[in-house]
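What follows are structure tokens for two forms of the same protein chain, given separately as structure 1 and structure 2.
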Structure 1
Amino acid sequence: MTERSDLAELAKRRGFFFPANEAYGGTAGLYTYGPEGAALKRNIEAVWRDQFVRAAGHMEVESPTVVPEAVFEASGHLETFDDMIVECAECGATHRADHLVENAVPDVDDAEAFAPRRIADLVADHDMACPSCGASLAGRPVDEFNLMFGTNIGPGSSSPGYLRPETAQGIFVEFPRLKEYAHNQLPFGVAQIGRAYRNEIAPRRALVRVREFTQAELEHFVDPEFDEPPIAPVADVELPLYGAEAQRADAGGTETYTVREALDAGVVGSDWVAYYLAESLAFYERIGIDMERFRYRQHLPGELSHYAADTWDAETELGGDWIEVTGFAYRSDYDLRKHGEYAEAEYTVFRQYDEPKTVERATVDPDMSYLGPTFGDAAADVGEALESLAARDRSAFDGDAVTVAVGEDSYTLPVEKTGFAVEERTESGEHVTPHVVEPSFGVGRLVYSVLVHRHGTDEVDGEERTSLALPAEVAPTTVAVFPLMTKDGLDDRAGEVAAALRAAGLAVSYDDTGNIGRRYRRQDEVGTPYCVTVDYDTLEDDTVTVRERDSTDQTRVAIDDLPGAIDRLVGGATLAEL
């Protein structure tokens, strides 16, 4: 069996994850996390929350998953959140057209940046066939398909909305209130773990490409002029980088740079992005990612989102393929600036000067008795456009006439009718639109990567053993308790031990079915790091056997000391140190 099929079998049999709604034929791209998977997922989220919320001193919010259309009009998702599709005329199957091109044309690796017409030409030129039935796709139209799930908020269709395709907008849209909780002081971070939805064209590969998934996102709001990340503590952290230049080179590959080297060489363009690349390494190691199968890959120009100047993905290797698990983007002021333009709220922070300053400000006081009759319904918009133009380019008013743009239209009027003037003012500060640094983690893909990377076989007592070498911090069960036999009071004593460990806050499994070796194997297979066996010696001296999963070593521990001993083991102690 392949690595992928081995894991799929384990995931379903042991309750990590399985296709949803199978009783009704299943639904592509939707999965249910079983008891083991739900616990593993929660524990990975807890590690993320510990590192990126608690330890970093950031805030956490929970926003709605149904969002009004106006939010996505402002954010750009209505226009840009599209994939290119081509439909087979024979079988009706729909495919990602840019992916077909990338798979068929060796020198094309960023077809997502191409126009649909060019993609259609490449499909025809290379006589690409439908992956489902083999029919030719040449001549078939390539269309853009918006990935958001649409809905209506309330009865009727007057209030259209969408299931959110990312959790970020739920943070950005609430910025005017969130900045108050941060005392209007930059920098500050707002985190969120929650569900997002994308109507994927071709869901595939279990949890890798799905239609409903969990994101863990941090939006770090910074003053672009004054706020800098603490690079010194991470300057010597080594990053496995697969930069854009290396991707274009025939023999390019991952290269190791320290954070300082990457910044000095211009490989990573943003100090903030470099900082979060370094900070995140500890998180990946904590949850069990194999760092020999991990890299950071820079987006090529054609891949960049509409809001990002530079983006890096954390990728894990799964069965020979590299899969994105996290995106690190410097979003500049795009999101807050766009919401500031559309919404009736202030998306800036007031930056207080150390001392008041006397500054020159360009102002306008349009003659509305002229603008109204001349421009009609557009008069107010022309007035706002004049204010904006004066603030950013006062030289535009140097001539006799000035032209402003309102949407796709332009309007020209005499400067004397604008009331343009340059005035001296004493100001105590200024309004700043923060920039945003965003690490965005795909929780499901992290779960899948950890399972793949930690799933393996070895030999114990002459027999092959399948195990999940999960870190104790994220394992679904921390300790399993067994009675050696279900008689002579051993099972009752084991039940008491299990209850005491649960009362101490540990995740405990109790198992008294089958022989002791079989019980060990079951727990090894689901990643339980420690097993406790209650035997006849327990009835004599109140000690139990503690077995460690990876080494299979054992030691005796007093029952009274057991909760503390398990805590120390989870914290990194060895059996010999108990």
Structure 2
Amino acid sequence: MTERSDLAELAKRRGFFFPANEAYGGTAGLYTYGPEGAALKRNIEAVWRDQFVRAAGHMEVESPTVVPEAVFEASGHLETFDDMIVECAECGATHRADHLVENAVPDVDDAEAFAPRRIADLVADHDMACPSCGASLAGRPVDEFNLMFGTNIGPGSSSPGYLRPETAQGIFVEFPRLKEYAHNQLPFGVAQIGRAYRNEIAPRRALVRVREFTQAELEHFVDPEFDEPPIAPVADVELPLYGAEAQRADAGGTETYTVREALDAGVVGSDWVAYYLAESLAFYERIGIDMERFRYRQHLPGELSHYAADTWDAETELGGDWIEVTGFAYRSDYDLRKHGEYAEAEYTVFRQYDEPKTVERATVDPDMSYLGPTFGDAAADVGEALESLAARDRSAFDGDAVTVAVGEDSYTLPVEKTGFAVEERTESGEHVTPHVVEPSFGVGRLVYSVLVHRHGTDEVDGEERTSLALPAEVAPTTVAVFPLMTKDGLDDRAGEVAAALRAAGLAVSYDDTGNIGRRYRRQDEVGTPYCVTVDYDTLEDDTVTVRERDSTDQTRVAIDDLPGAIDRLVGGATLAEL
């Protein structure tokens, strides 16, 4: 299919998703999920939760989307989460300046990494024009635009806040409390599924680049020295890898490695990342991604976030392009260390030694009655400098006098006035800042990829049919119930059948409009795997027709056995096995 137009039309007509507020002219980058899309999205989230939270024994939290500024000062988002924009003097439209440069200048494909000044020069040198009105952009300033939505918490502007750009920070910030729930023992994982926001300058391509989206993130806190993922059970899992080296090679492409091979060859640097690449494959398959249109791509050195050591993206192929649907990052201790610096709490875990250790510690206890009169205002700073010198280099106290630096000045004093001593202490453990392994899934992009990959046409009874071959587990409706006609009690009977299936916990829809063929087509288009028809035979023998979406095969099933039969079909049974 052509992804863009056909799918957008289907998505809108059948209620998967559509641009929000179209009656008010629409709002770029904001989409509403209709009944079918919201159900599909929820089902995909449920599969994610089942695998990455429940089965894995991890915790899940819900933090606010409105977050005070201090958190993003620490995380670095206030400083670095921005795009370069240029505004047209003529028409006032704003554009992503780095994208203009990439489109206009041959050989430049990483303009995002350039300084704004250099971008502005390139805009002028190539005499670029405003894409909206054609006026020249030469000489216009290139600014950095922070992509967080800003707001104020409470009246006035004294408490600025932002809509979170990722759900992760809501976990990192609360680490001091979350570790208590994990009994202060590494490793442990904390997940969150929720909205995140990015005030895009140029939203595009339906659910791919939007201003409000849903993330499913897992933050796995591990001891960098002692915790290792269980590689053995996944060692033979085959990963479709598009490594940095392959990307640099002229004719490089995706290559298949087992987890073991990828680690041995150093293609994947972190065994935690390799573990999650392997674990996630089953998830993508389960929700309906076409694994022939899927790969793991390594970030090139220039792409890496400031905090990340090795990062891989899961990508799906959509209409010839590859789209990131998940990021797998080894975030090291960056996030917890930064919050530890900025916030009033301990972002560490106490790691108990197997045996208590006896350690020597050099300490000072300066004689302030000497330092005060001698160094005046600098006395306190000199005291601190002595303390850190003792911890750093105790040999400096070997002689009679010791010299410390405070800013650009240095001060010398007799060692006997420093109270220098070396003590023996018994320590039972040490404080460790955990490292973070983060698989971060974009739920909307997964929904979109599944729709594109599962959408297809075939021929049924000589007519072209459009269908959505969704796995039963994620399909919005599991079973649709039709009365053959809305008379002779068929509709009442069908209503009872639908009610019984609903009571059994299934997602059921009921349709009595139009002819049966048209109703099948409608269910095929929204991916309903099974349809049940109540006809005149039903009134005689209490059986119904069950029809399977993909094969269009049909069979008769007793009404009493129907909920069980549908359950078995969802579990993988074929019609013939019922």
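Heads up, when I say rigid core I mean the largest set of C-alphas that superpose within 1.5 Å between the two forms. Residue indices: 1-based, along structure 1. Predicted model only: the values in this text are computed from it and were never measured.
J.: Structure 1 or 2: which one is the form predicted on its own?
T.: If we ask which form is the one predicted on its own, the answer is structure 1.
J.: Superposing on the rigid core, is the CA of residue 444 displaced by 2 Å or more between structures 1 and 2?
T.: Shift at residue 444: below 2 Å after core fit.
J.: Would you tell me if residue 386 moves between structures 1 and 2 by 2 Å or more at its C-alpha, with the rigid core held superposed?
T.: Yes, the C-alpha position differs by at least 2 Å between structures 1 and 2.
J.: Taking the rigid core as the superposition reference, indicate whether the CA of residue 117 shifts 2 angstroms or more between structures 1 and 2.
T.: Passes the 2 Å threshold, so yes.
J.: With both forms put on the same core, how far apart in Å are the CA positions of residue 101 between structures 1 and 2?
T.: Comparing the two forms, residue 101 shifts 4.1 Å at C-alpha.
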